[in-house]
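Take a look at this single chain, the form predicted alone, given in structure tokens.
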């Protein structure tokens, strides 16, 4: 999801203010769907909390009892949902979180009700 699409999707504000229109729902659904898997949620957390703001895929794979291709698939889903970005350096791929994506998701879920 591009940054302009994220901004447009969040213009309507939190779910508690008014219903999402179809375009907003279409923009947000892949993001929430991507985070609906425990492995992807954990991967995103690991990426977001990485020192220096990014992490090598080589540092992620050892934390799971999954094959490298399975981890790569989960990272691809996060990337396609617009939650992380990546770049290749030699044989390794480095991932970093896209803060604006999480900010928009958080804004959408904000109720304004103190917890």
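Positions refer to the first chain, counted from 1. Just so it is clear, the structure is predicted and the values come from calculations on it, not from any experiment.
The same protein has a further form, the form predicted together with another copy of the chain, not shown here; the description that follows concerns it.
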item	value
Another copy of the chain contact in the predicted complex: residue 49, any heavy atom under 4.5 Å	yes
Another copy of the chain contact at residue 56 in the predicted complex, heavy atom, 4.5 Å	no
4.5 angstroms heavy atom contact with another copy of the chain in the predicted complex for residue 42	yes
Non-hydrogen atom contact residue 38 with another copy of the chain in the predicted complex at 4.5 angstroms	yes
Residues within stretch 57-92 having a non-hydrogen atom within 4.5 Å of another copy of the chain in the predicted complex	65
